[in-house]
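To begin, one chain is listed below as structure tokens, in the form predicted alone.
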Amino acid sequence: MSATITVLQLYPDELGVNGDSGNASALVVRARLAGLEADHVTYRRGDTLPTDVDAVVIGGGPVSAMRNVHADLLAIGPALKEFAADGAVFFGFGSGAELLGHDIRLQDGATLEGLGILPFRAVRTGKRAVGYIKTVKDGVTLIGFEDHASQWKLDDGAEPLGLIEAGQGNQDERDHDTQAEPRKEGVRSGALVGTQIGGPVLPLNPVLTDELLGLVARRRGIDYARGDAHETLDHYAEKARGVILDNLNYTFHTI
């Protein structure tokens, strides 16, 4: 493997309508601030995939965009699965994450086949979740904004990315079987992450970004450590998170 960390963003034109390039940029910028070489590479339909990838980022978009990229995604699916099997970080937001799951059942009854990299299935519903969201898990608090109409049904034994303290999250009815069962958001399997938290979430939540970069660095046998150069970005993130935390109960009637 080369000495340069490569962050690959899939379909930035179709699946990048929520500022999702910010997730890829957060990984690259924080890696560079730690003194590492890092490149942000984009892949569009028909392009040639790089052969050496450390992190794959895919964002959200409407159903029409999912359909537009679907055939191409299935064509490059074997290569993406090889990246995942080789320990690359995968970070999917919204519909991009759903395409990395097993499948997506749409409201018109059609089903889109996914790649099966992330351990969940998605069901598009008429129940929309819009608003600020807060999750906490293993001492890590994630803050952001959600705007989706999907249920995510995690595989048996699959772990969520976070447990809901504010917001709707996966909207999986199984989360409400008992009052003792906390509602869940997203899905996490080692270096594989799917979420409905927007913002984009990685610039807003440096703790998660740094954790993923730690996985990238460990895979390459190098060190990643945040330092003084990260403090300005962390300050901006903390200010933005503070605004969200102060308005967690705000009701969005339209979006």
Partner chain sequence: MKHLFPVLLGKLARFVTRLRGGGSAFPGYLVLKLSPRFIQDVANSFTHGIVFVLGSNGKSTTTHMLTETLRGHGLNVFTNPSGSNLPQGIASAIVADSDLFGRVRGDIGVLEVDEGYAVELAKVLAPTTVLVLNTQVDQLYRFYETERVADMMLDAASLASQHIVSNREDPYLSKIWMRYPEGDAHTGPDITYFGASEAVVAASPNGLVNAPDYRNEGIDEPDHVALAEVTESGGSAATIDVRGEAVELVLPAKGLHFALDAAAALATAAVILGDAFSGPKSAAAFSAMKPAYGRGELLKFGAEEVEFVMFKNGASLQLNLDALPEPPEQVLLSIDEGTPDISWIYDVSFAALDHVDVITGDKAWQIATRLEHEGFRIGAVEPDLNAAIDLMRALPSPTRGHKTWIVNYEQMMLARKRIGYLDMENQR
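Positions refer to the first chain, counted from 1. All figures in this text were calculated on a predicted structure; none of them were measured in a lab.
From this point on, the text means the form predicted in complex with its partner chain, which you will not see here.
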Quick one: of 53, 26, 208, 193, which gets a non-hydrogen atom within 4.5 angstroms of its partner chain in the predicted bound form?
26
Listed residue that, although its partner chain is not shown, lies within 4.5 Å of it in the predicted bound form (heavy atoms), from 41, 225, 63, 222:
63
For the three residues 73, 141 and 186, which mark the spot I'm curious about, does each lie within 4.5 Å of its partner chain in the predicted bound form through at least one heavy atom?
no
May I ask you to check whether residue 216 falls inside a 4.5 Å heavy atom distance of its partner chain in the predicted bound form?
no
Its partner chain contact at residue 137 in the predicted bound form, heavy atom, 4.5 Å:
no
Residue 149: touches its partner chain in the predicted bound form, heavy atom cutoff 4.5 angstroms
yes
Given that its partner chain is not shown alongside this chain, does residue 83 nevertheless sit within 4.5 Å of it in the predicted bound form, heavy atom to heavy atom?
no
Stretch in contact in the predicted bound form with its partner chain, which is absent here, among 162-170, 74-82, 112-120, 126-134 (heavy atoms within 4.5 Å)
126-134
Within 12-27, the residues that have a heavy atom no more than 4.5 Å from its partner chain in the predicted bound form:
13, 14, 16, 17, 18, 19, 20, 21, 22, 25, 26
